[in-house]
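Below you will find one chain, with nothing else, as structure tokens; this is the form predicted alone, and questions on how it binds or moves follow later.
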Amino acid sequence: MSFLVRFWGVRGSIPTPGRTTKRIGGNTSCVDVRWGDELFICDAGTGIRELGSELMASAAGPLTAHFFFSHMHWDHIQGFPFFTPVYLPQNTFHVHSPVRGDDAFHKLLSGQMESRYFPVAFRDLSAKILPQDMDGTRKEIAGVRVTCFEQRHPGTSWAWSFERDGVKVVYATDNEIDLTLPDPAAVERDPQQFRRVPPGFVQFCRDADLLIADGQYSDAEYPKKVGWGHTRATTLVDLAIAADVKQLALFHHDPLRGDADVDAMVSVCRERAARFGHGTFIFAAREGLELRIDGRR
């Protein structure tokens, strides 16, 4: 058995359809992770509409799935009202909150469907949409160990780890790792030096077979965006090295970055990994990409 990971939306901040983004994709964040028949959905940006269409076409009976949101900013929830399976009464969706007793994720999903924002009310969704607690920071679902980690982002965001039989996938978007470094200003003085990511987050990502992470900014862009909640892509490289990550998917691409610009970012990151002598495979997350992840790679 292995995890099947599929990318439905990889863009950050706002959808960016157009000729310059048609290869990487312009939909906002949505990734699904499967283990056998178990379906885990990470975020519900505009990419989730296509996931819903695929599920409708392939469903042979009632559907059960688990939602794990990084946070509730628009680009991570705006596709939910267009996710067709939530309109069918035979389906069940569990919305998992990282904070015990907190149903904020559930409330915000319904809040964006108030009449002033959307013509269909949340109460008109026929599927069962159930808020669920995590057991502290971890929970087991059908043998998959799910773990969460609080990240640095305006309003807070959460990273999620899915692990079973020694195979591990981490989804960690919207996290300003650069502000958590011991000396953030040191990067400006010497961008080439290795950046020491806090050990707690390194341990959370430790030995991941796939790390999907927000690398929205280049080294040149970041100083003008400090506090906006996103990371230098090159800092992700240092995290992947420290955590001995096998594969790193650059995710949450900036809306101003076209396909060629994303390619250039990947090249910079690969050169940095090679300079530090590490074999992490680095690539750009793109819509339509499917990966089967097992313990070998």
Partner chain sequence: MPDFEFDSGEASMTSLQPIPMVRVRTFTTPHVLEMVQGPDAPRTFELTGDRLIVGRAVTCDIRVPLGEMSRQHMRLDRHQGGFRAVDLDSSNGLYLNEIRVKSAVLRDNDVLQLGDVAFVYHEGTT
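Residue numbers count along the first chain shown, from 1. Because the structure is predicted, anything quoted here is derived from the model rather than measured.
What comes next is about the form predicted in complex with the partner chain, which does not appear here.
Asker: All three of R145, V170 and L250 touching the partner chain in the model of the complex at 4.5 Å, heavy atom to heavy atom?
Answerer: No: no residue has a heavy atom within 4.5 Å of the partner.
Asker: Just one of 250-258, 46-54, 65-73, 234-242 has residues with a heavy atom within 4.5 Å of the partner chain in the model of the complex, so point it out.
Answerer: Looking at the partner contacts, the answer comes out as 46-54.
Asker: Applying a 4.5 Å heavy atom distance criterion, does R270 contact the partner chain in the model of the complex?
Answerer: Yes, R270 sits close enough to the partner chain in the model of the complex that at least one of its heavy atoms falls within 4.5 Å.
Asker: Just checking whether F283 would be counted as a contact of the partner chain in the model of the complex - the rule being heavy atoms within 4.5 angstroms.
Answerer: F283 belongs to the contact set for the partner chain.
Asker: Considering only heavy atoms, tell me if G279 and the partner chain come within 4.5 Å of each other in the model of the complex.
Answerer: G279: no, not in contact with the partner chain in the model of the complex.
Asker: Is R275 close enough to the partner chain in the model of the complex to count, meaning some heavy atom within 4.5 Å?
Answerer: R275: no, not in contact with the partner chain in the model of the complex.
Asker: Heavy atom within 4.5 Å of the partner chain in the model of the complex: which residues of 4-29 meet that condition, in order?
Answerer: L4, K22, R23, in sequence order.
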